[in-house]
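Just one chain follows, in the form predicted alone, and it is written as structure tokens.
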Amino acid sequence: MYDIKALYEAKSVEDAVRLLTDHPDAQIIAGGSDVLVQIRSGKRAGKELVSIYGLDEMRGVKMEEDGTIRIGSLTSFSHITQDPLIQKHINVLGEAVDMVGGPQIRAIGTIGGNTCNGVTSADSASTLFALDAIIEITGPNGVRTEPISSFYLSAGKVDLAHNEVQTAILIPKKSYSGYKGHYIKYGMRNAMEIATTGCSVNVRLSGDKKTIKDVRIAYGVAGPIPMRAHTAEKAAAGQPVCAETVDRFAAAVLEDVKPRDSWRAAKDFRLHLCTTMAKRALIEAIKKCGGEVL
């Protein structure tokens, strides 16, 4: 069923880097929810595989001394949703990854695999963009970090050399402290569905809940890679919490999004989704912050 040339099991992150360096045609495999399907379909048949699934050092969620939330790249979607730190500080991420596939996929699929695929429809991606996430990468020259916004290069391609491993996703304290977020996924089905469009909004309000101090909005499937709508963010920042601000914010996303026609949805429908989702997600995020749109 699976045409695999060889399987190497890494004993550590450094060992994984060495194996990838020694086997330049090898493919990393973690949970296998994507790679094994691709091998079975013939797309990656005959590949050498370097398994990192046994590296517990790349699992789990913890808070570092400076308040940064560190999510190991091998952390499963179900673990993220249930983790107390995620629920307390960035519950929007737990809600987003809880929309990936079905229970079996969420139990085996990893957030690192989701981001390293480089696809714009990944449910975690738009929320990580809205959280200003930082990607930690380990390679032959040690550890480097990169903002998620520059980690995605083009459709299906990320800034990861063959012999590098994405080891963690970092959410700085300044990116989540005082913020609440909401994620909306639109698909033709309620489960086991790739997003037609996804929208994630993070907002921080003033102490009296009357002013939008800051807002970040990001989309999946509104362009070839996940993307922020910076024009909309600028249109709402510093503005009063009211229906007029929400409407102006939603209309401004059209300055940034670049959806295309596909068999899943027409461009015009996706543009409609982008504005509608922006409005609904901002209103819900404001509510979670304790504000009210009148």
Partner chain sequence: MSEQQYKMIHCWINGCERSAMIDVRASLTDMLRNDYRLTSVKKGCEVGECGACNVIIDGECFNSCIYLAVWAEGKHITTLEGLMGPNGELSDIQQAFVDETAIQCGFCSPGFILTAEEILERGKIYTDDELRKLLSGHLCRCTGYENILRAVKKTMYARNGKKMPKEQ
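Here the structure is a predicted model, which means the values were calculated and not measured. Positions refer to the first chain, counted from 1.
The same protein also has a form predicted together with the partner chain, omitted here; what follows describes it.
Undergrad: To verify the annotation, which of these, 30, 58, 232, 241, has a non-hydrogen atom within 4.5 Å of the partner chain in the predicted bound form?
TA: By the 4.5 Å heavy-atom cutoff, the listed residue in contact is 30.
Undergrad: The partner chain in the predicted bound form: within 4.5 Å of a heavy atom of each of 40, 79 and 98?
TA: Checked in the predicted bound form: all three residues contact the partner chain.
Undergrad: Might residue 107 be said to contact the partner chain in the predicted bound form, defining contact as any heavy atom within 4.5 Å?
TA: Looking in the predicted bound form, residue contacts with the partner chain include residue 107, since a heavy atom lies within 4.5 Å.
Undergrad: Please run the contact check for residue 287 against the partner chain in the predicted bound form: heavy atoms, 4.5 angstroms, yes or no?
TA: Residue 287: no, not in contact with the partner chain in the predicted bound form.
Undergrad: Is it the case that residue 9, even though its partner is missing from this view, gets within 4.5 Å of the partner chain in the predicted bound form, heavy atoms only?
TA: Residue 9: contacts the partner chain in the predicted bound form.
Undergrad: Taking heavy atoms only, is residue 293 within 4.5 angstroms of the partner chain in the predicted bound form?
TA: Outside the cut-off, so no.
Undergrad: Pick from 119-127, 99-107, 218-226, 196-204: which stretch has a heavy atom within 4.5 Å of the partner chain in the predicted bound form?
TA: The contacting stretch is 99-107.
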